[in-house]
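Quick setup: one chain, the form predicted on its own, written in structure tokens, and binding and motion questions come after.
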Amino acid sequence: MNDYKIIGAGIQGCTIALELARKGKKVTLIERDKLIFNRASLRNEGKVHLGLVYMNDPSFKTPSLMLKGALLFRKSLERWIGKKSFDLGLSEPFYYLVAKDSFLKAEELEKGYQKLQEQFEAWKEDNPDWDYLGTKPEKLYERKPQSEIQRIFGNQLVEEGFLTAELAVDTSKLRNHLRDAVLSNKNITVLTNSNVEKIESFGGFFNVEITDSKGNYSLSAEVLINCAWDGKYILDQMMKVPLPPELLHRLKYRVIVDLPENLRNKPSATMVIGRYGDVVNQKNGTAYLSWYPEACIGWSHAVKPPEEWQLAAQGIVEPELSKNLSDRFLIEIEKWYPGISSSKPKIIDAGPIVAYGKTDVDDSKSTLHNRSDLGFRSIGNYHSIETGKLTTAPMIAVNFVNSILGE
């Protein structure tokens, strides 16, 4: 029986480990953090994308891929969590708000949304037991009158908008489900506080050099799977996997707030398309906030992002920066989500984003608008996983394991 070792225990590493274990394989999961699922997979908005935010991909591959990943998301989790009904802490549905200076106007977006709706209808016909996070929406979107949009969100920044079926999960609940599944699985061994320093290949095996709190040691592996996210490409270089062009690391901050009573049960909202932000309104009285011009304060084309990003990615942010960020978020988001400035900040942290591009999302030609180059790259029994988004991770896990097991 092959021995499987996975580097990185975010959502992708956890789901691949669980799928291999489900097939009866023995897996070792190696994580540099003190806990599994404790970095980028946890510290994001939790949106399970239906593809609506990727209308600027001229190939339309990204919206199609996200839609498929979203419609497989809950069913894939079900195979690992082991029950049909589990709480993911679903948000209020999203309004997509067309900014006045968006480089795609409402008519252009609606044309793309209609194309996506047609793919959605075909999926429903081919998959009669489908669901989207346990819901069964008839339509992905509904264009709302301009007067209604501006009554709810003001007219300072917003022009028009759409009510969508899109939802976000509570990433802490998703983490708890997957963490429990991994730690209770007898086929999975978890090594935390374990940083991979070097990989070498010889005689059909891999030697993995690791540093932990006790010192240095080595592990041998027959099959090595790299799910390390922002540390992935350093390891790929060791194995001579070609690096993607225009590799980009960004550090994006989020603020979690307690909402005032009058905003509870109000909709979630995303502004499109450009350097804008999100309000993810959870049903527990909290919300995730991000305003990209203030949130994205790290930008690096290096193979490995700066070491100083690591503290924020573990939830450790200096008090002065926390206050400055939360204050600026609330001021800016108040301009298009009235009342949000009365919220009380409770968590400020960050997650690294790995993507490909030279220019930012306010450039209509930026390759950041394309997230379709996902899956895995392999050299022999070394596999480097391209996760892309939270949405697609469970689908990629199933497809990857089926592929390497020849199923």
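All of these numbers come straight from a predicted model, not from anything done at the bench. Numbering starts at 1 and runs along the sequence shown.
Another form, the form predicted in complex with a small molecule, is not on view; read the next lines as being about it.
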property	result
Ser366, Asn44, Ser341, Ser64 - the one with a heavy atom within 4.5 Å of the small molecule in the predicted complex	Asn44
Listed residue (Thr164, Asn281, Ser102, Ser194) with a non-hydrogen atom within 4.5 angstroms of the small molecule in the predicted complex	Ser194
Candidate spot Met55, Val98 and Gly274, all three touching the small molecule in the predicted complex (heavy atom, 4.5 Å)	no
Partner contact for Leu109 in the predicted complex: the small molecule, 4.5 angstroms, heavy atom	no
4.5 angstroms heavy atom contact with the small molecule in the predicted complex for Ala9	yes
Distance check, Gly69 to the small molecule in the predicted complex, heavy atom within 4.5 Å	no
The small molecule contact in the predicted complex: Trp336, any heavy atom under 4.5 Å	no
Region of this chain that lies against the small molecule in the predicted complex, out of 319-327, 194-202, 110-118, 139-147 [heavy atom, 4.5 Å]	194-202
